[in-house]
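Only one chain is given next, in structure tokens, and it is the form predicted on its own.
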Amino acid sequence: MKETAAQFEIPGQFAEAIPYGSGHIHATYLLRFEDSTQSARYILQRINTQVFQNPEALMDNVSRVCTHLRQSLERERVRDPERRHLRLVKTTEGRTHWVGPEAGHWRCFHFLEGTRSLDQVDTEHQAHETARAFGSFAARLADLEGPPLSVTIPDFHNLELRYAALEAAIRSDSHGRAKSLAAEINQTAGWHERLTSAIHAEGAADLPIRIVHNDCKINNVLLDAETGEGLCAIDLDTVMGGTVLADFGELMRTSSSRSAEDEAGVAEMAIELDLVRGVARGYLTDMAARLTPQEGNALPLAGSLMAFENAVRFLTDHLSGDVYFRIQREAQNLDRARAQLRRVELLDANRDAIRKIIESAQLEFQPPNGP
């Protein structure tokens, strides 16, 4: 690890590197460097090139996004701009990443001190600040100039393709798990039919394409450790063209319940409307003025869609032998799938209440003359 860290423009002497974070995809380490007067920390990651097969395009996206956010923050004269966007550490050759032995692709970021992330929300304030940070992120990227960002994962939120992959995994049953999952498979098929109909009924099949984060989980925002203010969106690998449903839906999926993503006790799971209000008001603080009426009308469906998509992905991975999402215990992806199916059910049952909360937030933050 010391030799890898030496490839980046980091002042001082290498002190340590320890595994860091709870991400499913990349191998992440927290570095510490020291000199005679101070100690500084950095995030070092080995990019998972099985998931992100074009790391050059990926890092070009990340670099463009980081640069644009910095310029936007400076133009707005926002307080503490360096804590509100990720800052890449260039290699000693001035590149965005380093390619090491065995084609290992490595990148480095400044560590944002005095921050923390959450794996699940407990309060409306936490839901609000997480969503507000993501909404501000999307709003600032609305005027990103230049060519479209590269597609880092093709069809990332293509629900029909995801469902087709599940059907293929069921047919192949490579690990002999399908026979015991008839209830989950049937439940998934039923929701696929219902939500496909709802997509068309709610006008969500043809929304505008804009730059979105595409992975707005609550642990992809850094909060101020003391005040809880939402500061910085992280994990920028999936930032590319998409619809607002991906971001708002993922926030609603992960921040509308106090239950964990892999909660085994699904019977006790509930949608908390105070958290829903936090998500809606937070995200729409900066985004209400940018959404079309068609987008606003589709928002109440977003949480159910993203919960279902994740249920499909987790169930597919469990059937395939847990090859995509890292697990810490046996059948964790199955627990994740069951928990997400329960969230689909709960979010769908609460859709009218969610719609009223969203409409109230839209009125609160919508300019008088509309978007």
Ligand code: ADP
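For clarity, every value in this text was computed on a predicted model and none was experimentally measured. Residues carry their position along the shown sequence, with the first being 1.
The discussion below concerns the form predicted together with the named molecule, not included here.
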Practice item. Please name which of the stretches 143-151, 126-134, 91-99, 234-242 has residues with heavy atoms lying within 4.5 Å of the named molecule in the predicted bound form. Key: 234-242
Review point. Any of the heavy atoms of residue 120 lying within 4.5 Å of the named molecule in the predicted bound form?
Key: no
Point to revise | 4.5 Å heavy atom contact, residue 12 to the named molecule in the predicted bound form | key: no
Review point. So in the predicted bound form, does any heavy atom of residue 43 sit within 4.5 Å of the named molecule?
Key: yes
Point to revise | is_contact(residue 191, the named molecule) in the predicted bound form, heavy atom dist at most 4.5 Å | key: no
Point to revise | Listed residue that, although the named molecule is not shown, lies within 4.5 Å of it in the predicted bound form (heavy atoms), from 291, 112, 207, 138 | key: 112
Check your understanding: Which pick from 195, 211, 73, 86 sits with a heavy atom within 4.5 Å of the named molecule in the predicted bound form?
Key -> 86
Review point. Judged by heavy atom distances of 4.5 Å or less, which residues of 207-227 approach the named molecule in the predicted bound form?
Key: 219, 220, 222
